[in-house]
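The chain below stands alone, shown as C-alpha cells; this is the form predicted on its own.
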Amino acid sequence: MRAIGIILAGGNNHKMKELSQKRAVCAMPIAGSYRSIDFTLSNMSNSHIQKVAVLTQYNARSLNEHLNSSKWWDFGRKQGGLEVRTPVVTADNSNWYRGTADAIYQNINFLKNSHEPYVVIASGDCVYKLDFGKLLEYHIEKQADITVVCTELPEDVPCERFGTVRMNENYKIEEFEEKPLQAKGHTISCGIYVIRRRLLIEMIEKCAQEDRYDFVRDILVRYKDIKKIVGYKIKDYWRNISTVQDYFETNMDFLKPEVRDYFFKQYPDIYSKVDDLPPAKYNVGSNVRNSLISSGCIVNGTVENSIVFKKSYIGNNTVIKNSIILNDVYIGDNVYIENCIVESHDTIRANTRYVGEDGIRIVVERNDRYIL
C-alpha cells in the first residue's frame, strides 16, 4: 500500500481513573485476550501498510512490553516494520510531547525518511475494523487534502467529548468543532486521517514554528476553509474507550454473538501477542454462563455475564456477575462481585463483597496472596 502509518498512543486520560494510573489507555485489555491497540495495528497490517510508527509517552511500560515483538501483527520484516517511538532529549529539544501535532513533529524524520506518498494517522484507543486501502482510494477519488473518518452516533449518546463535524452533500467538511460545549449534530470524527506525506510535513513544521501543538485544533480546524477536507463515513462497529463506562460497555459488547462473529470469525482477523498459557480449567462445582474466560484461568465458582482475563483464579462459592476481571487476579472463596472492574494483579480476600451501586466500581486491592 502506498501509505505509512502513525498510531498516536501517548496521551494521558484521567477519565479512566485508576485504570490508567499504571498503563496507557492503548494498552487496556479488551475481550479477554486483546489490547486496545491491537485493533488499529491489525487494521494497518490487513491493509498492507508495511511501515508503522507508534508514538508512546504516558505510562508506556506495559504498552512497550506488548509491542516488543512485531511478528504478531506481521510487521517483522527487513524493510519497514513496526517502530515504537518515545520522547527523547536531544540537543535541540528536551520537551515531552505537548500535543498530537508536536508528537508528530518530534518524529518528523520518520516522515522525511519514508518514500510512500500518503500517511494514515490513527488513534490507538478505539475498537473497530477498517480497510485503509478503501479509505485511501476514496481520498484519491475525492482529490482531498485531508480525509477524516467519521461515524454517526445514536441520538441518545452525548457527543460533547468528541470532535463533531458537519459535511455538505459532497462530503466536504464545512464545520469541525473539537469537544463543543453543545454538539450541533451526531456525526463525529473517529480520530483517523489520511493526508499526503509532503503536505503533512509542511503543516507540522508550520505548527512548530507558531508554537502550536494539537493536530485537530491547529490543523483540521484552522485549515478547514483553506484545504479540501472531506469525511469518510463508516457504519460498522466503532467504539472509543476514553471513559470507564465506555471501556466497560465495549468489553460487554463482546458477550454479544454478533460482535464476536464480526471481529473474530469474519475476515480480516484481529491479531495480538500470544502468551504460552494452558487452556482455562473449570473445576467441579463451577458454573459459567454467557462469559468469556481466557487462557490460564482456573474457575471454581459462578461467573455470569462477565469477562475474565488471563491467569485469573476464582475460588469456591464465589459469584461474579456483570463484571470485568483483568489479568492475573486471585479471588478467594465466598466472594461476591457485581458491576465491577477488578484491576490486574489484585488479590481479593475470601468472604468479601464488592458491588457497584451507582455505576461501575473499580476494585484495586493489593493484598498478599493468602486465604483468610
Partner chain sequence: MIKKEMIAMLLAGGQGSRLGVLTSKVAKPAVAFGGKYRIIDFPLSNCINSGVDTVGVLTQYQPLRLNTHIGIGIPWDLDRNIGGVTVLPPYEKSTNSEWYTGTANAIYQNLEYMESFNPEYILILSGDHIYKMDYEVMLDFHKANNAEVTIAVMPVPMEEASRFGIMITDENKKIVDFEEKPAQPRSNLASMGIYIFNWKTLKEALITNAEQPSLDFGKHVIPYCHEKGCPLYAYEFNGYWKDVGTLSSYWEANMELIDIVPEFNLYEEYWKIYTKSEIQPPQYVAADSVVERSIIGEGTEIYGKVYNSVIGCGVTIGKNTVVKDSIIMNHTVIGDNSELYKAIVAEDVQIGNQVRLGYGDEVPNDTAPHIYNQGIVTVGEKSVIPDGITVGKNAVVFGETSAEDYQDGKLLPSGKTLIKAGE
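Residue numbers count along the first chain shown, from 1. These figures come from a predicted structure and were not determined experimentally.
Here the subject shifts to the form predicted together with its partner chain, a form of this protein not shown in this document.
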Inset, instruction - Choose one stretch from 122-130, 254-262, 181-189, 239-247: the one whose residues place a heavy atom within 4.5 angstroms of its partner chain in the predicted bound form. - result: 254-262
Legend entry - its partner chain contact at Y271 in the predicted bound form, heavy atom, 4.5 Å: yes
Inset, instruction - Give a yes/no on whether E137 approaches its partner chain to within 4.5 Å in the predicted bound form, heavy atoms considered. - result: no
Inset, instruction - Verify the contact flag for V284: yes if a non-hydrogen atom of it lies within 4.5 Å of a non-hydrogen atom of its partner chain in the predicted bound form, no if not. - result: yes
Legend entry - in the predicted bound form, N290 touching its partner chain (heavy atom, 4.5 Å): yes
Legend entry - Residue among V221, A280, V230, V84 with a heavy atom within 4.5 Å of its partner chain in the predicted bound form: A280
Legend entry - Interface residue in the predicted bound form among T302, S295, T164, N107, criterion: non-hydrogen atom within 4.5 angstroms of its partner chain: S295
Legend entry - Stretch 64-80: residues contacting its partner chain in the predicted bound form, 4.5 Å heavy atom cut-off: K71, W72
